[in-house]
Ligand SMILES: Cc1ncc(COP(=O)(O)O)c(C=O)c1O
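One chain follows as structure tokens, the form predicted alone.
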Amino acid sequence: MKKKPFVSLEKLQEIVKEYPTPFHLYDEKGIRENARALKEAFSWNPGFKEFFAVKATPNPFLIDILREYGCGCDCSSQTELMMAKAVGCKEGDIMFSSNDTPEEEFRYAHEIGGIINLDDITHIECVEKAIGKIPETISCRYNPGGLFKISNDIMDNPGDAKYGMTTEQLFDAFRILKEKGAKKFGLHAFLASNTVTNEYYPMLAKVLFQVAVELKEKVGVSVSFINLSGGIGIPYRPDQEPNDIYAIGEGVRKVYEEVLVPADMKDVAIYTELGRFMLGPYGCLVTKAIHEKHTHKEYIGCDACAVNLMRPAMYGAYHHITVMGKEEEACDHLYDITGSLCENNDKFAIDRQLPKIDKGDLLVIHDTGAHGFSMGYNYNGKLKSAEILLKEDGNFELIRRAETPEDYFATFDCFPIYKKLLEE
């Protein structure tokens, strides 16, 4: 099986004339189609809302597209909250799910109408101290511990995660919040990452729905919304089947009617916090082959590096690579595709069978639309790349310029070398 880029070689050559590689490119048509599909898949729930995980792709141009389909923002820091406010998010449009949170960030989230999602029972006191009271609307993050399994397959290990409250803490937290004046309650959990199965969301939903029923019976708390968070993955490898969001939505609906409706909880809103699913397949990293090296292995050196896409170096993650213009040629060369960092893990692919690559070839590294640009950094003094939107009409637009040396040195403005560097 093959992965087909959403952009042609001819269009890339046109873009490269104006904006040099490397850059991240996003597909507006794909983003819009996917956002519509998610909205339709959960249209059975009147209160449904997607809070896009800003950390995945913090770009206001892309967030604005998603907001056209009713999406809010899931934020995890003050700067993400500031971005959500800047793009027009109002009260009820922002979910603040953070951990080890400074008081000032709780305060700011509350000021701009964000829904605070508490990661720990001790944060109740912190929020109260930060804003002087407990907000009327508040959510708690749940971690049941142990392993999360589908059939006999282990999906993830919540018991090893730093996030969320235990079952006992969760029930105590809701009792305390109720006593302190909270009136509208939410329940949240994230138990597995990047699942490529239609079963994950319905199984997670059943866990949370049953907890919500217990909270009503034992604590007298009526949960108003249940946040299924993220975890719906994408097929990074060409032999993986993509998730069917309509099947997932239908699976959650069936569990909703099985668990919540008989408990007279048919008005509970369903929220999601998807990042990877929303944008992952609709972005790619475009880079140029600039060197080849023949030593103990065959290497192709690119003008991109782990600064532009950290996932392969950090996780050993697979990202498919297309050598543009050579899609039909035999993959009869074994390469490591590398960047220029002084780190041996700076490799986009190891022992990958690809067509013969020549210097100057454009490579498309697939599925970088989420957790691609956003995880970048400036190690070795490398500068972060541009982001470009391929529009539905075939035109393209710069939606974030590439960093410059002036950007890199700007935080040294308290040191004499800064002015000298700028003068040079």
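Values in this document were obtained by computation on a predicted structure and should not be read as measured data. Throughout, we count residues from 1 along the sequence that is shown.
One more form of this protein, predicted together with the named molecule, exists but is not displayed; see below.
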TODO: Look at the stretches 166-174, 222-230, 254-262, 240-248 and give the one with heavy atoms within 4.5 Å of the named molecule in the predicted bound form.
DONE: 222-230
TODO: Look up in the predicted bound form whether Y318 has a non-hydrogen atom within 4.5 angstroms of the named molecule, and give yes or no.
DONE: no
TODO: Mark K384 yes when one of its heavy atoms lies within 4.5 Å of a heavy atom of the named molecule in the predicted bound form, and no otherwise.
DONE: no
Open item on the list: So, H366 and the named molecule: in the predicted bound form, are they within 4.5 Å at any heavy atom pair?
Closed with: no
TODO: Verify the contact flag for K347: yes if a non-hydrogen atom of it lies within 4.5 Å of a non-hydrogen atom of the named molecule in the predicted bound form, no if not.
DONE: no
Open item on the list: Looking at P281, G301, G275, P202 here, can you tell me which has any non-hydrogen atom within 4.5 angstroms of the named molecule in the predicted bound form?
Closed with: G275
Task: Partner contacts for 359-378, taking the named molecule in the predicted bound form and a 4.5 Å heavy atom cut-off - done: H371
